[in-house]
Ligand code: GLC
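In the form predicted alone, a lone chain appears below as structure tokens.
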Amino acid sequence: MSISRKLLFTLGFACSFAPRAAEQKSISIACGAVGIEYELCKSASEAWSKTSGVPVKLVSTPNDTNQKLELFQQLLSAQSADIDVFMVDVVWPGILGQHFEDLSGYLPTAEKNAHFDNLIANDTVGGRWVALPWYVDTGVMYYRADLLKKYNLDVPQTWQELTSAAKKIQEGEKKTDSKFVGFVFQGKAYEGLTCNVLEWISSFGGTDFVDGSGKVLANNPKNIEALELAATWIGGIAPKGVLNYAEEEARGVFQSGGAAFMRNWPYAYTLLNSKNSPVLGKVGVMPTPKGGQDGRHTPVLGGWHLAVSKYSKHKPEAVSLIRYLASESVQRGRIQHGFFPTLKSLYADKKVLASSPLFGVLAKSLATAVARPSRATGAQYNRVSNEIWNTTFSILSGKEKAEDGLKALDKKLVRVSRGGKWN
């Protein structure tokens, strides 16, 4: 039994739909692993299956994204035909794109142009359109609207203003709650920290650590300025423990009423406003701040996309499935569950915009959102991100100065690039 088949045998096919008569031409899809994400993929795939008459098998995959990527890499490297459709993280097209079908030969240009331009750009690798956007995330800033009002503060538009507001609120609230902090974010040494630091440097007008052509540009005065400010937060407006926070640790502190500001993803909005949430009705949301008056709001792109394997034996049917899953009707139905659409038209829909304050924020954020350097760095992206988050962590924890850390990072990334050749 091949490695890929052993993996699939262990993980198992979760379920299949449609009549046995059509089983000789079935489609397998690896999408959401658990919870509502799995159920939505299941129900939408079932709807397509009933219409097309083609059975669909949902393949169980690890919930951990690193483990999922490892599984996909093994399957695709073995040129396995066991999975026809892959749900891929926004940074994976650059890593896995060589194994995916070019969708340009299947879908009309108008359908391509219906999605946000930067999402299509993210999914275009080496001139090949290798994935179809399915749902989108960007980093957003949550704030306690009630506390801004209490301390007579405006919603901060820059990181400097946020630092000042967080300090004032923290000083006031600590009089009755010694554990209260001004700001929480994802400070742990992992992919989430890479997302945060890219938002900081881009908002200051700094340079990408690796630009679109693959050039290493980590050591830049604006990048240094951004990281010097962020380093002041630790032990100041942010607890030292933030260096161990991922998304859920940050949300736990903020949702319990223990912080004035939180950088996180849109998924948190529904949870913050759930029935028993201590901060229900007290939370506002905005794009991530600018790096000063001359800066920009530059949240990092997140989200998941759909790709068809080059090794699929049923490519037209697989393309038909992802086309249906990414259609306006399916994307519209997923909105109520916190999955935000990739189609520009839905952000102009008055009913959609009225359904959540997040839509206005995301509409603004998507226009200026920045992508992680996965397209330029390709299969080396994980190593690149690892170097970025470790350097950032070292600077935040006070082990080295921003200027020294970024100089060293420049050299490390050049080595990873093998002299400028990433793949």
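Note that residue numbering begins at 1 and tracks the sequence as displayed. All figures in this text were calculated on a predicted structure; none of them were measured in a lab.
There is another form of the same protein, the form predicted together with the named molecule; it is not shown, and what comes next is about it.
Within this chain, C195 lines the site of the named molecule in the predicted bound form, having a heavy atom no more than 4.5 Å away.
Although the partner is absent from this view, S356 stays clear of the named molecule in the predicted bound form, with no non-hydrogen atom inside 4.5 angstroms. Not displayed here, the named molecule is approached by E191 to within 4.5 Å at the level of heavy atoms in the predicted bound form. Taking the partner from elsewhere, D208 is found to have every heavy atom lying beyond 4.5 Å of the named molecule in the predicted bound form. Between the options F180, W304, F340, W129, the residue in contact with the named molecule in the predicted bound form by a heavy atom within 4.5 angstroms is W304. The partner is absent here; in the predicted bound form, the one residue of E247, E111, E161, D102 having a heavy atom within 4.5 Å of the named molecule is E247.
Proximity to the named molecule in the predicted bound form holds for all of T65, D89 and W265, with the criterion being a heavy atom within 4.5 Å. Here the chain stands alone, but in the predicted bound form its contact with the named molecule, taken as any heavy atom within 4.5 Å, falls in 296-304 among 210-218, 296-304, 268-276, 111-119. The Cα-Cα distance between N264 and N63 is shortened by 3 Å or more in the predicted bound form relative to the form shown here. Distance between the C-alpha atoms of A189 and N66: shorter in the predicted bound form than here (change of 3 Å or more).
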